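Starting off, we have a lone chain in the form predicted on its own, written out as structure tokens.
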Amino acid sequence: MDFNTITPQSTADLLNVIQANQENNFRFGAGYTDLIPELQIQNEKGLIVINLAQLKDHDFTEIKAEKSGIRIGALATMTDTLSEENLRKIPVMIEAIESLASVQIRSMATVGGNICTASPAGDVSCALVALNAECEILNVEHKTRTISIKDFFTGVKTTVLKKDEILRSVFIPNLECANRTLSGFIKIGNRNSMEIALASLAYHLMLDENGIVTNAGVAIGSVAKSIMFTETACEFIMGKNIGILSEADKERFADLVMEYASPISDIRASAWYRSQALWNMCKSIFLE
């Protein structure tokens, strides 16, 4: 690998470095758990890596409970999130993180890195889509814009980020008060954690005291060009009592989720297998 590294210490330095390299080929590096393997496979000539590992800015690094939700700095590691009390109340998030690679990798990998890699198989990204999270984006003029993470991904390893922008944080909103939640992350792979998902399902359903679904978020990974939020499936399950769902309701829900899937066959699994696995996962969430 042949690249030059620049290590800004402050946000002002970072934005100046981004501005100064608009005509150059640059990438961001934080935990390097995705970047180094990528560059080992395909070396990029003239690449500049803007190293974020030494950046000292709480907006980038901290996890903060706010009145309307939880904000996670893009440079917070997966290990940081597992130790955050407020996040441990969100099963879909914790299960997605725990399914990600090894303990050693989780101590280095960052939330922002998982999002910006924009892999259709991104475990944590899939959970964040189900949670209707929002991305806070900062540009070189110190201006910010907020976009739903559902709209952040534009394809395989592509996002809405412009060359003069960087992801600063991701925000998980308090959807509403609920009596309880039905929340989790299911991943099918050749191995549980070290393997990239063949298909994944993230779900977060909020229920009232009678078991009626009052808010729903369901996302799928590894079965389309990007992680997909299954809006019509969420609309279908809203207002239903999950304790008395009929078999027809469960199958209809699974069918609606599948409308967002366009799996392919590759060396790891066939499109048929991915479809069957996802359909069965959709029905299984109501067995809890």
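The numbering used is simple: start at 1 and walk along the sequence shown. Every value quoted in this text rests on a predicted model; they were computed, and no experiment measured them.
The same protein also has a form predicted in complex with a small molecule, omitted here; what follows describes it.
Using a 4.5 Å cutoff between non-hydrogen atoms, Thr181 does not count as a contact of the small molecule in the predicted bound form. Heavy atoms of Gly69 never reach within 4.5 Å of the small molecule in the predicted bound form, leaving it off the interface.
The small molecule in the predicted bound form is not approached by His204, whose heavy atoms all lie more than 4.5 angstroms from it. Using a 4.5 angstroms limit between non-hydrogen atoms, Arg27 touches the small molecule in the predicted bound form. Within 4.5 Å of the small molecule in the predicted bound form, a heavy atom is found for every one of Met108, Ala121 and Leu167. Residues with any non-hydrogen atom within 4.5 angstroms of the small molecule in the predicted bound form fall in just one of 87-95, 112-120, 205-213, 143-151: 112-120. Exactly one listed residue, out of Ile63, Leu35, Ile242, Met258, brings a non-hydrogen atom to within 4.5 Å of the small molecule in the predicted bound form: Leu35.
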